[in-house]
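Shown next as structure tokens: one chain only, the form predicted alone.
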Amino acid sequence: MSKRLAGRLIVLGITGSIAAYKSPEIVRALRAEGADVQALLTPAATRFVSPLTLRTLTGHAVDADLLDLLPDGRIGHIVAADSADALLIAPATAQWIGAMASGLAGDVVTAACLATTAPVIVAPAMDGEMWAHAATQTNATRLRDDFGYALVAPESGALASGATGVGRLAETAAIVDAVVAAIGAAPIREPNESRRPPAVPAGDLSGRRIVVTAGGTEEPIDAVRILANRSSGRQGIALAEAARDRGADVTLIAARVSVPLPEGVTIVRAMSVDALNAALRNALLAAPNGGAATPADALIATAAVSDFRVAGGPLTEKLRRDGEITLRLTPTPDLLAGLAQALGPRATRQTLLVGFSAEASATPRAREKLQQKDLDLIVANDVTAPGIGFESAENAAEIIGADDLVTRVGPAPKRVVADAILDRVAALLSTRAG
């Protein structure tokens, strides 16, 4: 099947909207259509999406500073403007739309648009009242009618503010279709690769093997009922996607999750504690044929593992609702502590172990777990804090190392939190290699 953007260079301009976390998805969709992609970021956008992720996904340096030069001394945003077949601004904030309508080149995205003669496609994303404001509508109309830019109208749906309205970034497929339509049958603008943005080396996790667990395990009570928890698997899946996009070979061991599983990673399903334990030991300790497995560089254990199960095993028949019942529960084994013991002391083992501590006032308890389980890193988050944690698209965390170095991140989209965790993992792997 022919790819509609084969041979094209698409410059993706990303501005400071929370919808910027969707930009890796847009990059992958453009590349699936055969496009070469380079990312330009406003300063605010760097707070919502990792430049390193975009560099790994696109294979090009990410330009976020008007004064930055390419390794060969050329001005990055001018090279992008001169060689792009189209510039796609997604998401575009009200701030950026207003600045562009006035020709204020205060960031690389606006400057590239001013410097190009290529088609420009703008996909706004903002709060509904901001989009409906007369100033925003006037500015957007000017981009369309005076500048000839193609607008991909925002959609109605849930917004970051918690409200519902028109302002949600359009679906990725609609955005890609708009890029294809804007280019049409025009010839490739700059077929000479040497005049395009130069390629860069692979991502910081290229060649690494990362195992991630996600979701919540479940333990049967009887033939139909289970003991479960509220984990959605969002953070673990965000970690698997981010590690994949940074070049890693990823195995995702997924328990019960409420969001789609990612593409481009090896998926292993494990619903119960025992199944998860078997999957972990198969992935980290022994290959299926009994030989030594390729050592994983890191295990990131985000799965919410059931702490209890029915003593003596589940009942074989469905419990009848004949009155009060008493269930006797027994603790499940601590899988991560067991793995740490099997893999050996932290100072000598080959696999980094990253645990999670999801509790109320999580930090003190997290430090205890870090030491007790002999982990390299632990991620602490307070599950009682409003707006983050279970079932939420956002999270806030403290990433604590065995060296007591603490990185605080969020509240932010779980993809942003994932990249902050992987920054620490990559740094530890680099130090170990050195």
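Heads up: residue numbers just count along the shown sequence, starting at 1. Note that the coordinates shown come from a computational prediction; the quantities given were computed from them, not determined experimentally.
The following text describes the form predicted in complex with a small molecule, which does not appear among the structures shown.
Only one of 351, 306, 83, 93 gets a heavy atom within 4.5 Å of the small molecule in the predicted complex. Which one?
When the small molecule is considered in the predicted complex, the option within 4.5 Å is 93.
So which of 88, 276, 205, 126 gets a non-hydrogen atom within 4.5 Å of the small molecule in the predicted complex?
It is 126.
Using a 4.5 angstroms cut-off on non-hydrogen atoms, would residue 16 count as touching the small molecule in the predicted complex?
Yes, residue 16 sits close enough to the small molecule in the predicted complex that at least one of its heavy atoms falls within 4.5 Å.
Determine whether any heavy atom of residue 44 comes within 4.5 Å of a heavy atom of the small molecule in the predicted complex, and answer yes or no.
Although the small molecule is absent here, residue 44 would touch it in the predicted complex, with heavy atoms inside 4.5 Å.
Though only this chain appears here, would residue 130 touch the small molecule in the predicted complex if you measure heavy atom gaps against 4.5 Å?
Yes, contact at 4.5 Å.
Given that the partner is absent here, state which listed stretch (61-69, 44-52, 24-32, 373-381) has heavy atoms within 4.5 Å of the small molecule in the predicted complex.
Of the options, only 44-52 has residues within 4.5 Å of the partner.
Residue 415 and residue 64: their C-alpha distance differs by 3 angstroms or more in the predicted complex. Do they come closer or move farther apart compared with the shown form?
Their C-alpha distance shrinks by at least 3 Å in the predicted complex.
Given that the distance between the C-alpha atoms of residue 99 and residue 411 changes by 3 Å or more in the predicted complex, do they end up closer or farther than here?
Farther apart, which means the C-alphas of residue 99 and residue 411 are at least 3 Å more distant in the predicted complex.
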